[in-house]
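Just the one chain here, the form predicted alone, laid out as structure tokens.
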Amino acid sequence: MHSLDRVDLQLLRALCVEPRSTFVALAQRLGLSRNTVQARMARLEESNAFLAFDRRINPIALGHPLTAFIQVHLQQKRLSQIVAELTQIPEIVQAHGMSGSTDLLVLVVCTDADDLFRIDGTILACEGVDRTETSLAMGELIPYRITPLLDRVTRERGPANRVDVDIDDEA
């Protein structure tokens, strides 16, 4: 577990505003020494506070303008085998295990409807997958964002309080 203090939160907020900031630019912006920024950034990185860079690459630039959500219903005893097979499908950019009637929610990107049909068929061909339900995203209305949450946590915790965060090892 890594505790975030006000300085850590300020660094994260500054990076949300300008992700390409150098340590020197961050230090100047926040009124800190470059060494402090460098040490803090190293600690944040070691604790997996940052997501992988590939989350910033737009699949449209790769020729995959469509996004779909596929609900996968499967045999639970085959979950790990199915997940291993799904990781071999490049168009699957994310998948979550779910509670409720759906076992997996899979986020896919595709070139067109025919490509989506092919991807869905590949998922259905995995042994242990019973059925899928596919929904095409009509548009991203709220893009991935963390800044509003970061601002709220900063306001709620105040200047002296630390925020205890359990950061997952899988960045």
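On a predicted model such as this, the values are computed, not experimentally measured, just so you know. Note that residue numbering follows the sequence shown and begins at 1.
Keep in mind that the form predicted in complex with a further copy of the same chain is not shown, yet the notes after this line are about it.
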- Query: So in the predicted bound form, does any heavy atom of Q81 sit within 4.5 Å of a further copy of the same chain?
  - Reply: no
- Indicate whether a further copy of the same chain has at least one heavy atom within 4.5 Å of a heavy atom of L149 in the predicted bound form. yes
- Item | Touches a further copy of the same chain in the predicted bound form: Q76 (any heavy atom, 4.5 Å) | no
- May I ask you to check whether D130 falls inside a 4.5 Å heavy atom distance of a further copy of the same chain in the predicted bound form? no
- Item | Among the candidates L107, A39, L124, L32, the residue which, in the predicted bound form, approaches a further copy of the same chain to within 4.5 Å (heavy atoms) | L107
- Message: Under the 4.5 Å heavy atom criterion, name the residues of 132-153 that approach a further copy of the same chain in the predicted bound form, in sequence order.
- Response: S135, L136, A137, M138, G139, E140, L141, I142, P143, Y144, R145, I146, T147, P148, L149, L150, R152, V153
